[in-house]
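Single chain ahead, written as structure tokens, the form predicted on its own.
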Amino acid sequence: VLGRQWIHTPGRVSAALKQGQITPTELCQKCLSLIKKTKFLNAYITVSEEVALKQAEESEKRYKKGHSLGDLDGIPIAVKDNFSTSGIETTCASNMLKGYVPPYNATVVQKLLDQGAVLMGKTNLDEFAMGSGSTDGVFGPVKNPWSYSKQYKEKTKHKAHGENEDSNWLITGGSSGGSAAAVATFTCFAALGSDTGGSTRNPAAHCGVVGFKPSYGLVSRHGLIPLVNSMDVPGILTRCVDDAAIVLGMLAGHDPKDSTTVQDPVKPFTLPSLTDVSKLCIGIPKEYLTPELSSEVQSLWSKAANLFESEGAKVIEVSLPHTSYSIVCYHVLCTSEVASNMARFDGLEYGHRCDIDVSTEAMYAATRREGFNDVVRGRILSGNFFLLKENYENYFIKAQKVRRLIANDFVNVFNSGVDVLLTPTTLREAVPYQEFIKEDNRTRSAQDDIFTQAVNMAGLPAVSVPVALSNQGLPVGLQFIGRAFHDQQLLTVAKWFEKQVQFPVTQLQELMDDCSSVFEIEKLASVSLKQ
């Protein structure tokens, strides 16, 4: 029915829908069947099949009348399971919220549904989004689709033999690993993640998709179950930069229910195609060249800088002097806000409640012990320690002062004439699960958030763009950081870069066994939301 050309993105799918080459219901059914085929990846916690088919049917009626709502009408999307969805269970991958069905939609979810998007389901994460592997949720870890790709299997043929082959699967990164895997396997065209210290960009890099963190305040947090109020932002995962811009255009703007959103009206985002980068100044932060950075990622980072230079851009080394304090500062502020936010889960109004009825205090304590995993409890304990009266000045207040210095580092660099910063997203490509779990969550997060969390403390926009496959055949992403509220400029540069590098689509071994599905995937692989 469809030529290959329309696969990659919602843009092109949208055109195919408008021309009647495919109907929203057919598209929805294709994605549902892919969800079933890729169930072993554990990307979804809840698949909202009935809801999706009903939404697709409504969309179909609109297309028949010629009244499509726009680029997202009839487009399958997925939502991380820490966004409230009316009538659909929202768990945060925790026992604390198993069975909790919110009575309302998060603003971002509502905005997507108002545009006619089709909600395929809720995606897996680390419990309460605390983690960088998507390995610590109560529903089990998410498997990286690239573990089963032709590209990876060919490179690692000599290593994996016999029954332990499946034990070598790789992590997706986190904490929005379910959303990243869902987009990478074509079960949806765009997905929402959240990003507090890198939770959208990290899994995007490991799964070979685009992960965008908007400026703080550009997109409403209402209905996103909070982790760190001063750093959380909804993130967007797509297969190309243009699609991220389309979704951002629909989500951005003031929300009366979130007082931290911008007051000024936000114009729709359309990304110009940059032809000339000679007026751009790209900054390379020297502090990001850390000893832990893998030589492969470092080499791709250098190549990317050279690419900009060879096309006439000015590429300069810059300094963010407070970088070395950043991760510790982030830890203090993050755990302190976590401790405060998690106080709402007490077993009284919603969520899990234990059976102990000796006293209210005993009920609170047992509920929280049963409801939260060790990672969450550990962060609550740390945060409460930093907030104790005798520690408050030395830890929490001091960390806030350091946060200001870190934010000022970025301001100074951008004021010196730099347009965007180019950095790695992660230290290395995705690692096997068995290797990842050798370290505890806190150690892992401290390593994995190294290039991403400072952006959250400074409230800046950042995007991870897949750049190439490593020697092992695994995706590597690089991060672009922009000045606050210059999200459009940032995405424009990212789009130019994406076009230059031509990153390959994942070819999934498991889905390739059956010829018809090769054809389907080929078709789905080249679709963009708009055109």
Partner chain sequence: MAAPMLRGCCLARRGALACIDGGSRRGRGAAIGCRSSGKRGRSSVAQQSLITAQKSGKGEHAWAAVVGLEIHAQISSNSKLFSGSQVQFAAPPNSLVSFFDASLPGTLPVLNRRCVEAAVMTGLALKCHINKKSLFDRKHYFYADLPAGYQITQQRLPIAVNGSLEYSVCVGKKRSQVITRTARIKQIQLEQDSGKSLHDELRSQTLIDLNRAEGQLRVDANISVHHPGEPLGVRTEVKNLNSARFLARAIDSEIERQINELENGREILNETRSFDCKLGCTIPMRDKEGKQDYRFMPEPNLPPLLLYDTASLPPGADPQQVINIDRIREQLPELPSETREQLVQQYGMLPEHSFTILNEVGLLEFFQNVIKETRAEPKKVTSWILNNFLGFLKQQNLAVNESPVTPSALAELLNLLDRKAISSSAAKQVFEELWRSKGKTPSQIVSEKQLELMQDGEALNQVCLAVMEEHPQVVLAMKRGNPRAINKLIGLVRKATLSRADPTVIKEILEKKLSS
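Positions refer to the first chain, counted from 1. Here the structure is a predicted model, which means the values were calculated and not measured.
Only in words, not in the display: the form predicted together with the partner chain, which the text now covers.
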| item | value |
| --- | --- |
| Answer range among 290 to 298, 182 to 190, 360 to 368, 111 to 119 for contact with the partner chain, defined in the predicted bound form as heavy atoms within 4.5 Å | 360 to 368 |
| Contact residue in the predicted bound form, from F414, F345, Y395, W169 (heavy atom within 4.5 Å of the partner chain) | F345 |
| Contact assignment for the partner chain in the predicted bound form, among S302, S310, Q434, Q263, heavy atom within 4.5 Å | Q263 |
| Contact label in the predicted bound form: E439 to the partner chain, heavy atom within 4.5 Å | no |
| Heavy atom of G249 within 4.5 Å of the partner chain in the predicted bound form | no |
| Close approach of L224 to the partner chain in the predicted bound form, 4.5 Å, heavy atom | yes |
| E337, heavy atom within 4.5 angstroms of the partner chain in the predicted bound form | yes |
| The partner chain in the predicted bound form: contacted by all of N306, S470 and G473, heavy atom 4.5 Å | no |
